[in-house]
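Below sits a lone chain in structure tokens, taken as the form predicted on its own.
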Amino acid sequence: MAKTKVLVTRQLIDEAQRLLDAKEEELEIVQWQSEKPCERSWLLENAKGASGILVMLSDKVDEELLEAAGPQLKAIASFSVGTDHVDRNALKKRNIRLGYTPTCLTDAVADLTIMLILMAQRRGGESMAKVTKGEWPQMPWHPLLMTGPQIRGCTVGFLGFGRIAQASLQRLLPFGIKRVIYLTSKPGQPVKEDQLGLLKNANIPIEPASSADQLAEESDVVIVGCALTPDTKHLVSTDFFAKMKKLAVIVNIARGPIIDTNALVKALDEEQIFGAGLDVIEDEPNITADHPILRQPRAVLVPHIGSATIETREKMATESVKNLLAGLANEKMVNEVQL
């Protein structure tokens, strides 16, 4: 009897690879043997006849890929929490299931969120650059040398208030923040899920914002953590920055295009805001040394490392394989996008 074909677009971490290889007797496993992204031509060519495909963020799942695969395709497993690289409507009309890994990386991304807030407020990137460029000897101490706003007493505004945002809030509370406001797709309405019991047991105000304007105007720290959709693309742009406080910082741990990069550069140039901490940015990873954001001393940019802990990536890899296998067997996935 012919084996069921699955396509895997990257090398996997050992534990996940063993889980997949254990099914070799019943599966024909076609796998890209590199840590680098697979070539699109390879993906389209090898998708033909596949019943399941395990993809990375860099792999676009669209009509072209689904047509190349054929009508037997049952499941896509994405090694990611975001699914903006996947055409959900195309999957839905073909009854193809979509697995993803939203719960694995909550702690890792929340940890990075705090790092980026502190780096932006305390001018971490700018300070380190002074040292590495040998400029420290030319920096005589004075009372305001390299000073920035303090996290204690801040109003923190969340654009999106899901699992990662609430885990970030859990980490922020011991810093002594004063107030929290959050904006969801239903402005002014309380969030449905109190993931960690923070709202129920809060000793500071945690309130829904009525608009993006309110979030911009009242927050000392803005954390962008919403999904990228047509409605949220460039949601944070010129008007938003114009309403922010001059000592406020913005942090993006979601998707790059939610923030208009040109508007951010302008806001930093004109000192409309104090700083920015970015794990993601538009057009990543194509950020070359001459990119305008890299000329902004108070912008800290790291290369999309939110989930980059060993433990998290191992969990994401194994969960992706489990989702793939569950999709093939018509069983429940660990996490499935409801299309």
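Residue numbers here begin at 1 and follow the sequence given. Please read these numbers as outputs of a predicted model, since none were measured by experiment.
Keep in mind that the form predicted in complex with another copy of the chain is missing from the display, and what follows is about it.
> Which single stretch, out of 22 to 30, 40 to 48, 289 to 297, 63 to 71, brings residue heavy atoms within 4.5 Å of another copy of the chain in the predicted complex?
Heavy-atom contact with the partner occurs in 289 to 297.
> According to a 4.5 angstroms non-hydrogen atom cut-off, is residue 307 in contact with another copy of the chain in the predicted complex?
Yes - in the predicted complex, heavy atoms of residue 307 and another copy of the chain come within 4.5 Å of each other.
> Although the partner isn't part of this model, could you tell me whether residue 195 comes within 4.5 Å of another copy of the chain in the predicted complex, counting any heavy atom of the residue?
No - in the predicted complex, heavy atoms of residue 195 and another copy of the chain never come within 4.5 Å of each other.
> Using a 4.5 angstroms cut-off on non-hydrogen atoms, would residue 122 count as touching another copy of the chain in the predicted complex?
Flag for residue 122 set to yes.
> Since only the chain is shown here, I'm wondering whether residue 200 would be in contact with another copy of the chain in the predicted complex (any heavy atom pair within 4.5 Å).
Judged by the heavy-atom cut-off of 4.5 Å, residue 200 is well away from another copy of the chain in the predicted complex.
> Even though another copy of the chain is not shown here, does it sit in the predicted complex so that 100, 213 and 258 each have a heavy atom within 4.5 Å?
No.
> Please tell me which of 90, 204, 227, 128 lies within 4.5 Å of another copy of the chain in the predicted complex, judged by heavy atoms.
The residue from 90, 204, 227, 128 that makes the contact is 128.
> Within 4.5 Å of another copy of the chain in the predicted complex, which residues of 130 to 165 have a heavy atom? Give them in sequence order, or say none.
Result: 131, 132, 133, 134, 136, 137, 139, 140, 141, 142, 143, 144, 145, 146, 147, 148, 149, 150, 151, 152.
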